[in-house]
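Presented below, as structure tokens, is a lone chain in the form predicted alone.
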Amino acid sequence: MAGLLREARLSAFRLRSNLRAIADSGASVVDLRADAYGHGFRRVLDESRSFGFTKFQVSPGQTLPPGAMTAPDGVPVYEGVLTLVGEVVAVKALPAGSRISYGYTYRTVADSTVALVGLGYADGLPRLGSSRATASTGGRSGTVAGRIAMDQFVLDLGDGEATVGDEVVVWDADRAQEWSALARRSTLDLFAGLGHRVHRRWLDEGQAST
């Protein structure tokens, strides 16, 4: 499935807003661990320094530029910055009672349109979201149907519609909280766990985040 859309869209505007709020609060440390929790160490560092921050919490092996200092305590600033987007690779209409994915643990409750999405646990989706988490395409929300596989998952859209090539929003500012609760880990841990196939793209103010 090489070449599929697997993209983390990062809002530079929201990151700057978070940094501005932290600076205004009087806090002095920014947490840059885990490659800035999946957002990109260098970009977050550069944005932080533009707001006057000089103290950072870093992971072993991360190198800070001259004038920057490590500090024992960090301030997470990343909520609402990242949107994870995938792509519909197949669409199928199924009758009520159809069983889906490995082990057939999920059953459609009505006639449904299901979409196969090219993101899986190899890309960082927690398998604890299987049969419980949601994602959306074309503004229509659906349920992750059955077990999340290595490279893909199935989205049950009920009476909704989808077309091959449609974008699917898996995590955004609100839905990341849902996945976080189901996976029993923080949203920052989710973001830090994104796989190497997921392309990070920074969006400036005025660009759409989805």
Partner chain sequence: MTARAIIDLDAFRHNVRVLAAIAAPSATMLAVKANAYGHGMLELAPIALESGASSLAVLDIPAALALREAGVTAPLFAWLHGLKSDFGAAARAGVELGVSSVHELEAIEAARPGHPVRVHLKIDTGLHRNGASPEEWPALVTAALAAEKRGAVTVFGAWSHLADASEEEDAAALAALHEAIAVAEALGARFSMVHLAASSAGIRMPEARLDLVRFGIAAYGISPFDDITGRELGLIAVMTLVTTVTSVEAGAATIGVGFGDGLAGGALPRAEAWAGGARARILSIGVDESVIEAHNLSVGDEVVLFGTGDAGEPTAEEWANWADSIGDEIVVRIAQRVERVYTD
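It should be emphasised that the depicted structure is a prediction, and the values quoted were computed from it without experimental measurement. Positions refer to the first chain, counted from 1.
Just so it is clear, the following notes concern the form predicted in complex with the partner chain, a form of the same protein that is not shown.
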Item to complete: Name the single residue among 169, 157, 154, 45 that comes within 4.5 Å of the partner chain in the predicted complex, judging by heavy atoms.
Response: 154
Fill in: One residue of 55, 185, 175, 49 in contact with the partner chain, assessed in the predicted complex (non-hydrogen atom, 4.5 angstroms)
185
Discussion item. Even though the partner isn't displayed, in the predicted complex is residue 28 close enough to the partner chain, meaning a heavy atom within 4.5 Å?
Written reply: no
Worksheet item: Counting only non-hydrogen atoms and a 4.5 angstroms cut-off, does residue 16 reach the partner chain in the predicted complex?
Response: no
Worksheet item: Are any of the heavy atoms in residue 196 no more than 4.5 Å from a heavy atom of the partner chain in the predicted complex?
Response: yes
Discussion item. Can you work out whether residue 68 and the partner chain are in contact in the predicted complex, taking contact to mean some heavy atom pair no more than 4.5 Å apart?
Written reply: no
Worksheet, complete the sentence: Near the partner chain in the predicted complex, with a heavy atom at 4.5 Å or closer, the residues from 3 to 38 are 3, 4, 6, 33, 34, 37
